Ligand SMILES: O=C(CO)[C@H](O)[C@H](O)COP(=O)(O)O
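Next comes just one chain, in structure tokens: the form predicted alone.
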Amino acid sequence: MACTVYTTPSLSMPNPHLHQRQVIFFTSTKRNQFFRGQNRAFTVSCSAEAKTVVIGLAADSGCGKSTFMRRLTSVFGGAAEPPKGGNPDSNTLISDTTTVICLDDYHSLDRTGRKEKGVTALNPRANDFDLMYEQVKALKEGIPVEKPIYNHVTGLLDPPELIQSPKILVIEGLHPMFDERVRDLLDFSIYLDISNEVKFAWKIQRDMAERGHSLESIKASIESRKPDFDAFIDPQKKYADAVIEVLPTQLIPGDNEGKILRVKLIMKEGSKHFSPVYLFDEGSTINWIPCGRKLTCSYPGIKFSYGPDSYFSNEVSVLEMDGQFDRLDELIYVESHLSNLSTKFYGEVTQQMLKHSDFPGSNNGTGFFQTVVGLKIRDLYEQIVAERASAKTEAKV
């Protein structure tokens, strides 16, 4: 068997964006071999049956990817933390089961380089898709990689870090579904689709309140990125297995504050290992206002909708929530009317929501549907693992 270790050379070299590969040949069936090189030693795991499950999450910056990652890793257990003893500015998060890689690490141009060439980070010219593909493929096959680091503080490309192959690899960022080669490696894909009105409101809240930016600079930043977003980021949603679409509420006429949200969970039919969640009766068209004795609702209330639809010529099921919860402990009433949630026990969605009640979006459909998708991904992972175990048993027979 031959295993390939993908590495990134020192950034002090003449061309730091070239990548190298070192091939190790095994003459035995041992799963682990010791590798020494580049002043470090590590173990290469080569197991044909133990492939990593790869999840892709696409969205523009400031659209809730980090919160979604925290909800997802929590479903699998264990806190997600940066690699121990590594670069304190690493973007990678590692838990017991998952490793989350930020695709900003595959920028081929640092902040100064992008400014000199007049391109944004959204432009494919500012990213190394060859290296992205090779390293995601290696990790999927159980092979460690030396992954580059894009430093968001300095805007520079830092020396690489060693990433071991996890049980579940999540690649999140601007372009997880842009390159067809990378897209074909994904076992499941999600797109966070934030409407322009809501995105603007969120960026004002984040960049003015937390980062001290002026309203004018925020508007200028959004406008400068919009052409590249429309050309390279937004089209990826047509490839997603699930889309979480965030829109202004329809419960308050003319509302533009972005505090009350209408959120759609768009689920593609026919995706392997994923069956859509439904409300009351699968395939029906339903509008439901649950406010009453079992669900406390202050103005403007809550409305749920569910039904079949078409999305980029794909058949989908759409679950929608407009409004927000007053009391998360009452969410179990809504949960009990949803089917196909892939929960382990009654009330698990509500438990997860209460566990992270301080996360952004916990009182509306963004947090609710992120939690639902997280549980569906856990189910997808368990199905894939069970299939591989069954295939391995059959092969021995």
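All residue numbers are counted from 1 along the displayed sequence. Because the structure is a prediction, the values reported are computed rather than measured.
One more form of this protein, predicted in complex with the named molecule, exists but is not displayed; see below.
Exercise: Leu174 in contact with the named molecule in the model of the complex, heavy atom 4.5 Å
It does: once the named molecule is placed as it appears in the model of the complex, Leu174 has a heavy atom within 4.5 Å of it.
With a cut-off of 4.5 Å between heavy atoms, is Asp179 one of the residues that contacts the named molecule in the model of the complex?
Output for Asp179 is no: heavy atoms all beyond 4.5 Å of the named molecule.
Would Tyr150 count as touching the named molecule in the model of the complex under a 4.5 Å heavy atom rule?
Yes, Tyr150 lies within 4.5 Å of the named molecule in the model of the complex.
Please determine whether Asn340 contacts the named molecule in the model of the complex, using a 4.5 Å cut-off between heavy atoms.
Outside the cut-off, so no.
Position in contact with the named molecule when the complex is considered in the model of the complex, options Arg114, Lys303, Arg183, Lys137, heavy atoms within 4.5 Å:
Answer to the contact question: Arg114.
Pick from Lys268, Lys167, His213, Arg225: which has a non-hydrogen atom within 4.5 Å of the named molecule in the model of the complex?
Exactly one residue meets the criterion: Arg225.
Quick check for you: of 141-149, 308-316, 100-108, 274-282, which stretch puts a non-hydrogen atom within 4.5 Å of the named molecule in the model of the complex?
Of the options, only 100-108 has residues within 4.5 Å of the partner.
Residues in 52-85 close to the named molecule in the model of the complex, defined by a heavy atom within 4.5 Å, in order
Stretch hits: a single one, Ser61.
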